[in-house]
Ligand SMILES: C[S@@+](CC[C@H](N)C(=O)[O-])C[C@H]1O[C@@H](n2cnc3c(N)ncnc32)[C@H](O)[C@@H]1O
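Quick heads-up: it's one chain on its own, the form predicted alone, in structure tokens.
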Amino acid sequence: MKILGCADGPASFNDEMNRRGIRVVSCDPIYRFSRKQLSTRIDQACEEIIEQTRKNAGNFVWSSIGSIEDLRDTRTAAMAQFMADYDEGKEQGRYVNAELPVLPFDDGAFDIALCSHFLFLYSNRLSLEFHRESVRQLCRIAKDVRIFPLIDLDLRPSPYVQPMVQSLEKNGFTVSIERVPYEFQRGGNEMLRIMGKTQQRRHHRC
């Protein structure tokens, strides 16, 4: 199983999967920075995120994460884990400096491509065309593409989801909107799943 994490940022996902023996390549433009440069940026960003979350606490579901303090601790631990893995991960090719809508990977290089908290979330900043090009790129390199969540920063359903679904289905992809067992941003508990044309034929034979 080969997995791509797109726009992964300073997260512990890659390290956790690597410890389980699952190969994940994470790509993000922040990986052009050194460990020292990232450390400063992460500290600043974490405080900004915590402050914004505190101001808008009603926009979040405090179940899996119980409080602002829990959020701070969870983020701090995840970022520390990322930083401890970063240099070794870059040497092993697990952290790649790349960004949508153009990715430097071969056609069909991955079984699954994941994109979390980037596409659709920033619908007010990134155009529909950007989303189309980005999804086209993810479908080029992976058989199974999963994008989460499907709301924008104002917690509204992204206006780009339905046009993307219609376009993908018109081009022969199998597309579904699936409920997931995680919700932190209120209403953000669905993902878009796209199965490529080759995968679609295999699914039908089963």
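Residue numbers here begin at 1 and follow the sequence given. Everything quoted here is computed from the prediction, not taken from an experiment.
Another form, the form predicted in complex with the ligand, is not on view; read the next lines as being about it.
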With the partner left out here, check for me: in the predicted complex, does some heavy atom of Asp111 sit within 4.5 Å of the ligand? no
Does the 4.5 Å heavy atom contact test between Gly66 and the ligand in the predicted complex come out positive? no
Does any heavy atom of Leu71 come within 4.5 Å of a heavy atom of the ligand in the predicted complex? no
Partner proximity in the predicted complex: Ala7 to the ligand, non-hydrogen atom cutoff 4.5 Å: yes
Candidate stretches 156-164, 56-64, 169-177, 28-36 - the one whose heavy atoms come within 4.5 Å of the ligand in the predicted complex: 28-36
Of 119-139, which residues get within 4.5 Å of the ligand in the predicted complex if you count heavy atoms? Tyr122, Phe130
